[in-house]
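Given next, in structure tokens, is a single chain: the form predicted alone.
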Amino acid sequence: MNARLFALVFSLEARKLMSYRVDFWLNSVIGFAAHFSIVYFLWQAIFSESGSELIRGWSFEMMLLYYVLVILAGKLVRGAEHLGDIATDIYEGGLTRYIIYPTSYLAFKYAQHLGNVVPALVQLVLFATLYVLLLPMPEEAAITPASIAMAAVSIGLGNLLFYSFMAPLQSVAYWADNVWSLNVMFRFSSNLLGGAMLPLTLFPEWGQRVLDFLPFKHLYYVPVSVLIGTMGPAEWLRSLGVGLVWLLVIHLVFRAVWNRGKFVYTGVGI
């Protein structure tokens, strides 16, 4: 797939999502407000009951900042979250038209996936700015140009990992009548093990050691931890290497599933 076509698909997807502005902003604002309110009151109660200003090294203000960034950066990582069009194309026979096109189907879908990042980037800038203006920045947070640059790299890796995870799950549609349950299972597992539900430093020590060798932490925990300064450059580089290895492994599994599935594809839909 040439760069010009990739950019065109990316642009069309971004503009499509932003075309219904009222609906987009209502969902964005209400969704963020609901998520933030749950996090705020939940952790306020936890800190109040604990009678401590710190929980595993996290203050209440630092915990709020972590969750705000997880909510916003997570949207950049997930992009077109369900990638449901892959399964739909397989079920309905729509994949056929892509097979005869002189371009890569998987690259086409990834361009659409990235197009979903643009609205999320707008939300990140807006809500992060509002947070800085309305709420105090924790003293222990160390957001610098270097941490922003490292976080951007980690978000890019997380986005690729998320796509590489979801695409083979969607490709199970070659053999299964419904893949929705797989999406739900992955969403829950990745949120729990990736740091979206709670910082991974709150896990037991043995659990943290296991998670260091799994790919999930690169979806949420690593980008946010690097950004706020709780993960240094040396640890970030080490985790980046682990993430790249997992990206290669998952991609190879993806290609194997996809290539095998094409042999059972009939193109007639269901």
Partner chain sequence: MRYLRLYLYFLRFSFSRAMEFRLDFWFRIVMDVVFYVVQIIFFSVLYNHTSVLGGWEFPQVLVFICGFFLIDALHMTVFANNMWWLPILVNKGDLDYYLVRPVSSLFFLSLRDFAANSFVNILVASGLMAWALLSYPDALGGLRIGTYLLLLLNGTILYYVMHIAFLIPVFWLHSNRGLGDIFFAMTRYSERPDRIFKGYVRRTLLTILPFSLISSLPARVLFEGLKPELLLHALGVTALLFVGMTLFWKRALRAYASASS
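Remember, predicted model here, so these are calculated numbers, not experimental data. Positions refer to the first chain, counted from 1.
The form predicted in complex with the partner chain is left out here; the points below concern that form.
Asker: Just to confirm, with a 4.5 Å cut-off on non-hydrogen atoms, which of Ile30, Val210, Ala234, Val245 contacts the partner chain in the predicted complex?
Answerer: So the residue touching the partner chain in the predicted complex, by this definition, is Ile30.
Asker: Looking at Ala128, Leu182, Ala120, Ala152, which has any heavy atom no more than 4.5 Å from the partner chain in the predicted complex?
Answerer: It is Leu182 that has a heavy atom within 4.5 Å of the partner.
Asker: Is Pro204 part of the interface with the partner chain in the predicted complex - any heavy atom within 4.5 Å?
Answerer: Residue-level check for Pro204: yes, a contact with the partner chain.
Asker: For Ser189, is any heavy atom within 4.5 Å of the partner chain in the predicted complex, or not?
Answerer: Yes.
Asker: Can you work out whether Arg238 and the partner chain are in contact in the predicted complex, taking contact to mean some heavy atom pair no more than 4.5 Å apart?
Answerer: No, Arg238 sits far enough from the partner chain in the predicted complex that none of its heavy atoms falls within 4.5 Å.
Asker: With the partner left out of view, is Gln44 within 4.5 angstroms of the partner chain in the predicted complex by any non-hydrogen atom?
Answerer: Gln44: contacts the partner chain in the predicted complex.
Asker: For the three residues Ala3, Glu140 and Leu160, which mark the spot I'm curious about, does each lie within 4.5 Å of the partner chain in the predicted complex through at least one heavy atom?
Answerer: The answer is no; none of Ala3, Glu140 and Leu160 reaches the partner chain.
Asker: Out of 152 to 160, 170 to 178, 130 to 138, 101 to 109, where are the residues with a heavy atom within 4.5 Å of the partner chain in the predicted complex?
Answerer: Answer to the contact question: 170 to 178.
Asker: If we check the partner chain in the predicted complex, which of the residues in 32 to 58 reach within 4.5 angstroms of it by a non-hydrogen atom?
Answerer: Contacts from 32 to 58: Ala33, Ala34, His35, Ser37, Ile38, Phe41, Leu42, Trp43, Gln44, Ala45, Ile46, Glu49, Ser50, Ile55, Arg56.
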